[in-house]
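Take a look at this single chain, the form predicted alone, given in structure tokens.
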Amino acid sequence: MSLSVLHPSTPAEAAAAHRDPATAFIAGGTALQLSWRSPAPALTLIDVLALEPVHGIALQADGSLRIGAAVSLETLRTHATVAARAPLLAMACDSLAALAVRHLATLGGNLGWRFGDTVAALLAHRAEAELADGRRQALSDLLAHDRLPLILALHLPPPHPEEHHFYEKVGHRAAFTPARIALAVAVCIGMDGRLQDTRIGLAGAGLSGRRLLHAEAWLNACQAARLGAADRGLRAAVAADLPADPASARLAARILGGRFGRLQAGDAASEPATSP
């Protein structure tokens, strides 16, 4: 085992150091350790905590919410603006690990792990990643890369005033290990009862973060009141999204069917977002 640590003073310096494949970014370090086998690999760690752009939570002029990648998961869980503007992210952090871990763990670290609960929430919120060169890229596109670049912050657009949200996790609250699945959903309901602009983020053990695009398309042609946990059409759509993991697909379909069916019943956990 051989570990060394670099302390870059600028994002450009950190990004340049990361061109070496034997490097990894580190902030809290909690998720990074989970990806290592024993003993730890020979790595050069790039400490990003001293970089100013990775800190802070702020509303932008365009109404989006900018969250620095080094913001702790506990800060996200308790931040009033995050609860109002990114409720799925607050819900995900509320179900994640123990308090001591949430104080250390960062949003960027949970995202870099790819299996973290926050990934599902960020995808459902249509998050964009702010990169070291200032560009912004859709997180869903960025996750297609084998190796993630330095992410300074996440930008989340404002939720629609009539948008409903729900977050469901099957796993162990006290363990900082991947949930079996974590589902985050944002959706609107039209005047005719049909679902609109459905966005479903999913992550879990062995399931890197992704959108369930087949399920989203199928749901957007449905009325919430007609859905149920055993809906065959929904099960087929989710199976198309998770062809290599039929067990997780069945579980996800049951959760989605049950939760969508409760939307019309006024499920308190799915009320439209409130203004900050």
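Predicted model, so just to flag it, every value in this text is computed and none were measured. Heads up: residue numbers just count along the shown sequence, starting at 1.
Here the subject shifts to the form predicted together with a small molecule, a form of this protein not shown in this document.
The partner is absent here, but in the model of the complex a heavy atom of Ala69, alone among Ala69, Leu219, Val238, Leu65, sits within 4.5 Å of the small molecule. Contact with the small molecule in the model of the complex, judged by any heavy atom within 4.5 Å, is made by just one of Ile151, Leu143, Ile189, Ile200: Ile151. Remark: Ala138 does not count among the residues lining the small molecule in the model of the complex, judged by a heavy atom distance of 4.5 Å or less. In the model of the complex, the small molecule lies within 4.5 Å of some heavy atom of Gly112. When contacts are judged by a 4.5 Å heavy atom cut-off, Leu32 counts as touching the small molecule in the model of the complex. The small molecule is not shown here, and in the model of the complex it never comes within 4.5 Å of any heavy atom of Ala205. Contact with the small molecule, judged by heavy atoms within 4.5 Å in the model of the complex, is confined among 192-200, 89-97, 75-83, 155-163 to 89-97.
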